[in-house]
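Let's start with one chain on its own, the form predicted alone, as structure tokens.
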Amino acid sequence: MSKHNHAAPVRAPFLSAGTKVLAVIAGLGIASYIYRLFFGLASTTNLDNQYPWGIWISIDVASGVALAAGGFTTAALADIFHKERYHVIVRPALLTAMLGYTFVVIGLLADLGRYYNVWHPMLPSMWQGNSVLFEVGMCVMIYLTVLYIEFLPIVAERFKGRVNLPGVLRILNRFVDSWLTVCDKYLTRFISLFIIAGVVLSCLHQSSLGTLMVIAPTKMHPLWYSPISPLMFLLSAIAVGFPMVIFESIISSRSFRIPPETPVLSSIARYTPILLAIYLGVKIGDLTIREAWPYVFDGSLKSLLFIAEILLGVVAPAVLLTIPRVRRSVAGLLISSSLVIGGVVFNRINVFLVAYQPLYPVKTYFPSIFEIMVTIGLVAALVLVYRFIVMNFPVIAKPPTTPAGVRPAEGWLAESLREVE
């Protein structure tokens, strides 16, 4: 990493008009979350025996896990394939993945009837090797631990030699500083092992999420039911990894009024059309082998949703990102990455909610206000925690000093939009 790209805490006011709105939304979400924990699922959700999974699974868990894939895809590119120029975006991607998985677990606790028993899979006596959810749970727990271990060198870089705990905790200063020194000196030597472990674990549970609905062939619409759903879930998660990193980088640079890493983002955007093309090819092959094409063009609402998912979430961004001018434009990168992200979220909602149909339904599921508030509240809280961490830890790279005559960061979006036009 070049000297001018050395990561440092971002200097900016924490509170702004946007963060105040997010704080209110997060507060409402936390209140709804606490209400659910005390009064149960029946009092706070529209879930029942016919519709046991709602938006907390389709959005908070399935979509959240997929969108956190930028951590392992970027780490693999920079550290396993030794693409050194991408190290500048590894730390933000790692933080996004770490917070993403953390909030996935928090969201999952809301969906568990007996959330206080979530620790049971840690006991070998309670293992169930035939359960897909058991494999997902174990992989997520281990991978989340790996992510926090990968973040430790950043903590050590920030506080090593500067530990100054207040009051009675002062006696721990030397111990904590020694521990941070050990982490900084030795952990970095073995960090590649944890990165490889993270990639393997991510591939395991990303694919296993696609296995969850394989056991319900009679309750799934043929457009989304497939025996190779695990493969398609994995491919879509890999494809959305770089777009999520691009989206996070552009939004955070705009929020903190710093120039975006456009050359690096433009470079990793080149991989996305290839990954999307692989996913689309597998999808087309699957529809052909299962002879499901008639359902695509039957004119039903589900067929229209499927076509929209493919055209807007796969084809459109793949075409856009093959155009060099779009990849060089901040607005073009933002629009294209947003389409991929929206397409993956749309796919998870379609799989877990739209495609699923109970055999003898007596009503249609629609999320309650508590479900909606918990979901948007978790997203708002994640953004606030992300902002706090990047303002206190060396995550985002320092931009080079802007020479005289070069446009400031505040004007990039308007100029980029003009470029696209």
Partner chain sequence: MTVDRREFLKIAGAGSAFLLAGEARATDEPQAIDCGQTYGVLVDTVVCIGCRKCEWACNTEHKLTDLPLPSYEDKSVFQRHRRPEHNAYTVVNRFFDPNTTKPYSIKVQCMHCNHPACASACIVGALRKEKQGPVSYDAWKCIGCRYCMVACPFQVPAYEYKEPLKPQVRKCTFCAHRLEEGKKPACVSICPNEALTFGTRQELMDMAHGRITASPEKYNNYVYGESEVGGTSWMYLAPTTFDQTELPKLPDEPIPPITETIQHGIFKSFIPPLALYGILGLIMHSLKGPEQEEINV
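Residue numbers count along the first chain shown, from 1. Predicted model, so just to flag it, every value in this text is computed and none were measured.
Here the subject shifts to the form predicted in complex with the partner chain, a form of this protein not shown in this document.
- In the predicted complex, the partner chain sits within 4.5 Å of a heavy atom of Phe39.
- The partner chain in the predicted complex comes within 4.5 Å of a heavy atom belonging to Arg189.
- Interface membership of Gln50, defined by any non-hydrogen atom within 4.5 Å of the partner chain in the predicted complex, is confirmed.
- Interface residue remark: Ile250 is not counted as part of the site for the partner chain in the predicted complex, having no heavy atom within 4.5 Å.
- Contact here is defined as any heavy atom lying within 4.5 Å of the partner chain in the predicted complex, and by that definition not a single one of Tyr148, Thr288 and Ile376 is a contact residue.
- Residues placing heavy atoms within 4.5 Å of the partner chain in the predicted complex fall in a single listed stretch, namely 193-201, out of 237-245, 193-201, 305-313, 341-349.
- This chain appears without its partner; in the predicted complex, the one residue of Gly299, Gly161, Gly129, Pro166 with a heavy atom within 4.5 Å of the partner chain is Gly129.
- The partner is absent here, but in the predicted complex a heavy atom of Arg328, alone among Lys283, Arg254, Arg328, His221, sits within 4.5 Å of the partner chain.
- In the predicted complex, the partner chain lies within 4.5 angstroms of at least one heavy atom of each of the following residues of 119-157: His120, Pro121, Pro124, Ser125, Met126, Trp127, Gln128, Gly129, Asn130, Ser131, Val132, Leu133, Phe134, Glu135, Met138, Cys139, Ile142, Val146, in sequence order.
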